[in-house]
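One chain comes next, on its own, written out as structure tokens in the form predicted alone.
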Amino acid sequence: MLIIGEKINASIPSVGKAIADRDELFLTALAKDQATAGADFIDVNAGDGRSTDSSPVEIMKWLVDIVQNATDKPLCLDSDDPAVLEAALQQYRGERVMINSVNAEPEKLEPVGRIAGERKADLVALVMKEGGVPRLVEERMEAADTIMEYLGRLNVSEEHVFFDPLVLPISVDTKQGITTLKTIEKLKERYSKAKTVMGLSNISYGLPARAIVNRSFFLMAAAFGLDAAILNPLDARLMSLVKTADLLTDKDPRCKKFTNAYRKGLLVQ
């Protein structure tokens, strides 16, 4: 399971304040902590710049520098603004990189997909078109088909596509957990070379005891074929379940990663 650390996101109040205050120490520590906790990628979302006097492009370039100076983990550049993404990629020194995200709307697919194709970047693709999040699995698959056909023309190979099956708060519609799981299953059947990824914490929005909901849904999604998750790697119990999920879904040959984690005292029961 590929883990994308979600914590450096301007929508989180403490992070938004750190970005506005140019608090390099806070952001550096947050990047290092996520890497140490086991994140494979560090998501970097600088927001829209409204909380500072600088432009979104300048803020993103500054934040990319901060994070890549703190860790050698690859970055997931989180913006739907092509200008912000291009500037971030120019600032980025790593080889592997992920872009988050596009959907099936051509005006978004065209510029961001072209950037991803030229850079050979992994690309998170939300299975939705205009008009909001589809409620049905079939509608999400139609969006996935549109995305894959379009990206193929932009030199983005299936191996670089990370489909986001979409996670809606279960507090709003209790059917949406099952819908997401079935979408993962269908995506894996139809596009065997592509990957699946989801923003885990969306499932628990509006509920108490959110960590329990997140952990439980993660295990269910892993059983349905989830390949990657955007989550909080500082949740030690959740990261223990990541290792357990790999063990139980044949992604940990001879149980080596699980037993090594146990020996290092990394598993929280």
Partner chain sequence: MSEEILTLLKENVIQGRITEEDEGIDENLSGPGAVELTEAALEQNIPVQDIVTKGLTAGMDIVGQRFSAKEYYVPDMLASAEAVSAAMDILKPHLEKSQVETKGTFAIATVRGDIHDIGKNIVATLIKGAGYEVVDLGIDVPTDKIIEYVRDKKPAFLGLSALLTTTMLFMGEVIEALKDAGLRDTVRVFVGGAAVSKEFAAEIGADAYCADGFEAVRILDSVA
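Residue numbers count along the first chain shown, from 1. Predicted, not measured: the structure shown is a model, and the values here were computed from it.
Another form exists, predicted together with its partner chain; not displayed. Remarks below refer to it.
With its partner chain left out of view, the stretch that reaches within 4.5 Å of it through heavy atoms in the predicted complex is, among 110-118, 87-95, 168-176, 137-145, 168-176.
Proximity to its partner chain in the predicted complex, taken as a non-hydrogen atom within 4.5 angstroms, holds for one residue of 29, 220, 207, 212, which is 207. In summary, among the residues 65, 48, 33, 58, the only one with a non-hydrogen atom within 4.5 Å of its partner chain in the predicted complex is 48.
In the predicted complex, residue 154 stays away from its partner chain, with no heavy atom inside 4.5 Å. Among residues of the shown chain, residue 194 is not one whose heavy atoms approach its partner chain to within 4.5 Å in the predicted complex. Residue contact check for residue 181: none of its heavy atoms lie within 4.5 Å of its partner chain in the predicted complex. The shortest heavy atom separation between residue 80 and its partner chain in the predicted complex is within 4.5 Å.
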